[in-house]
Every structure is written in C-alpha cells, then in structure tokens.
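Have a look below at one chain only, the form predicted alone, in structure tokens format.
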C-alpha cells in the first residue's frame, strides 16, 4: 500500500546534483594525489609542503602510479605517507633516501622519483649519499624540509641551524651551518631553489620546475618546527620566516602543453627553458639577479649566510643540461626491472670475454 501526497501539498524540489570534482589533463581528481591523514604536530610546516606537492603533481598531470617516493628517517620522512597513496614508496633507514632512490632509478627510470628528506637526514648522516646523487646527475626531485632541529629527538640543533641562533632552552648554536643549496651547486646540481613552506605562490611553481627539469633538482624549503624551533632567537621560526623572507623574483610556470600568454611578455621577466619544453618565468623584483650565473649563485648563498638573509626563489639553473646517470652508463631504453632473465644474464662466452679483459 503506497501513501500518496495530500492534495494541494507543495512539490518537493529535487536536490541539485553534486558538481563533479575537477580533473587534470589526464582525467584524475585531486583525491588521487592525497594520502593518509598527517600525524605531525598541528601547524607543522611539513604539512604545508605536502599540500603543495599534491597540488604540483596534480596540476602537472603526472599519474600517481608513475611516481616513486623515497624517504629516510625523521619527521620529514613521514610525510611521504601523506601524499599520493597510489604511488610507489620506500621509507628507508636514516640518511639513505638518496642511495635508495639511486637504485630505484637505475631499476626503472620511467618512474618519476621524488625524495622527501630533512635537514638532519640530508646534511648529517646522509650528506655523503646526497652529494654523490648530485654529482651523478640523477633525475630526482629532492625536497629538503628544513627546520634546523631534530624534531623526533626533542629539538637538538641540526647541521643547518644558523650560527648564533638559540635553542628553545636558551643556549646558542656555535657551529657553522651547512648550506645544502651551496653544496648542491658546487656538486654540479643544475636546478637549485630555496623556498618557505608558507609561501604557496612561490613553492608550487618551483616544484613544477623541478619536476620538469629532468636531472637532479634540489628544493630546500624552510619549514618551521612549531614544537621545538618556533621561539624568539630561532632563524627558522614561523615569525622569522614570515618577517624576513626576501624573494629574489616572482615565479611562474608554464608547462609544455600550454602556450606562454602575453601577460609574461615583459622586459623584467627571465624565461628559463626546461628540458621538457616547459618554461619557468622569473619576474624580477628589487633584486637584479640572474639564476643562470653559477658564480653569482654561490656568492648569493655565501652572502645570505653571512648576513642572515632569507632569500628565496630559483637560486641556480644551468642553461645546459648535463647527461643523466642513465645516459652516462648507456643503459638500454627498457627499464632494467622489466628485462627478462635471458636478456640480463650473459652467456658463458660473454662472461669469459669480460674476465679476459681484466687480465
């Protein structure tokens, strides 16, 4: 028995259909680029970086299934769980993200490799692996979530803490800091940038440029630790970063599949051509700075350290891309991980020939 509407009852309007979620150029929604809920402290700068990584990969139209995420140990290394849960991932031991990424890249260089590391993971125990990754020119986007402290072990100074900055308990850091950007340039890295986790407008295009670069790319992001390094006297606190960030330029990014519009046709704009035909657009501010000058880039890093300047933007980009490690090794086009045993196991006569060459 059905119950009919009483006579004269007003018609009930149907609920409007929900708008479909926007998709990127490969048809994926933003949801495909998200991961688990963060377990970091509320307000941690690392969570902001995670959000910008999600946005950069989504807007670039890179399939999550084609991404390999690598990390070591530390608060920063937990963040790979918070974006692109559909991608490949490996959380290694302390300081070994670069080494693990090297092996993964050689096994399957069709994957887009991204390392998320910290200042302790990179500049202390992992420093040697980090430097060798750069000198070999591995196509890896290496993001350093830099807060100047060891957050998992109660906030001791890390190797990137500025000399003269103070600890939460009041004592002063007396040791010279390691500048990961200056080291990266010295080791031949051809894409080096520094940003601030709270500067969304700048960080997203810098990450996109790193993804489009095709060689080693380092993005050092000052990411305040709200628990152990957010006090007066810290040079990596949220307050210090907001008050002292001095952008070298405004950064825009045009992917290879979009034309440059007239909006960028200004005499004060530098166009950085990236290997995949994308373009990074740097609109000069008060600094007359060209990131294609390697010596000038190193001078900038040294001056910033001496004068405690927090300069952000694209610090260096080589106008000529060097050969990647796969090109140096003359690897076959097909990923090594996909080759069948009969193609990777040399015949007895080939092995004999190899051994004879070492006599």
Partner chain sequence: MTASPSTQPAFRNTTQDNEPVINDVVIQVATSNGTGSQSANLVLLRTIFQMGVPVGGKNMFPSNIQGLPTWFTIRANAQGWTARRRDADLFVAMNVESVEEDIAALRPGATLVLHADLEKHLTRDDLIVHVVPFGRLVAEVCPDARLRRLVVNMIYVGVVAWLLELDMEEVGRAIAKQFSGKPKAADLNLAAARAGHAWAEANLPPHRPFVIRRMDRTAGKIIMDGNTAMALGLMYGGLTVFAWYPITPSSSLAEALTDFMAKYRHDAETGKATYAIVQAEDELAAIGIVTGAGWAGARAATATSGPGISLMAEIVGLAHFAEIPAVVIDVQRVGPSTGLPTRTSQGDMMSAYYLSHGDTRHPLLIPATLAECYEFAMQALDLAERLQTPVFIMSDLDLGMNLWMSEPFAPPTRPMDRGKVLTAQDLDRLGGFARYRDVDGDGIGWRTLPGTRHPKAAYFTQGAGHDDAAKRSEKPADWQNNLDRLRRKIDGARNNLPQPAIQTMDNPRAALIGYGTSDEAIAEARHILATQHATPTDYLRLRALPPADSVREFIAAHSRVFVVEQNRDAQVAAILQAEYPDLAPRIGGIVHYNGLPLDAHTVVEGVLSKGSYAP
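Residue numbers count along the first chain shown, from 1. Note that the coordinates shown come from a computational prediction; the quantities given were computed from them, not determined experimentally. So that the term is clear: the rigid core is the largest set of C-alpha atoms that superpose within 1.5 Å between two forms.
In what follows, reference is made to the form predicted in complex with its partner chain, a form of this protein that is not presented.
> Using heavy atoms and a 4.5 Å cut-off, decide whether 19, 158 and 168 all contact its partner chain in the predicted complex.
None of them does, since no heavy atom lies within 4.5 Å of the partner.
> Since only the chain is shown here, I'm wondering whether residue 70 would be in contact with its partner chain in the predicted complex (any heavy atom pair within 4.5 Å).
Taking the distances in the predicted complex, the answer for residue 70 is yes, it comes within 4.5 Å of its partner chain.
> Indicate whether its partner chain has at least one heavy atom within 4.5 Å of a heavy atom of residue 31 in the predicted complex.
Outside the cut-off, so no.
> Does residue 238 make contact with its partner chain in the predicted complex, using a 4.5 Å heavy atom cut-off?
Taking the distances in the predicted complex, the answer for residue 238 is no, it never comes within 4.5 Å of its partner chain.
> Taking its partner chain as it sits in the predicted complex, is residue 309 in contact with it (heavy atom to heavy atom, 4.5 Å or less)?
Contact check for residue 309: no, nothing within 4.5 Å of its partner chain in the predicted complex.
> Using a 4.5 Å cut on heavy atoms, which of 87, 202, 216, 197 is close to its partner chain in the predicted complex?
Spelling it out, the residue with a heavy atom inside the cut-off is 87.
> Just one of 248-256, 178-186, 123-131, 274-282 has heavy atoms within 4.5 Å of its partner chain in the predicted complex; which?
Heavy-atom contact with the partner occurs in 123-131.
> Does anything in 325-359 come within 4.5 Å of its partner chain in the predicted complex by heavy atoms, and if so which residues, in order?
Counting only heavy atoms within 4.5 Å of its partner chain in the predicted complex, the contacting residues of 325-359 are 329, 330, 331, 332, 333, 336, 337, 338, 339, 341, 343, 344, 345, 346, 347, 348, 350, 351, 353, 354, 355, 356, 357, 358, 359.
> Residue 337: CA shift of at least 2 Å between this form and the one not shown after core fit?
After core superposition, the displacement of the residue 337 C-alpha between this form and the one not shown stays below 2 Å, so no.
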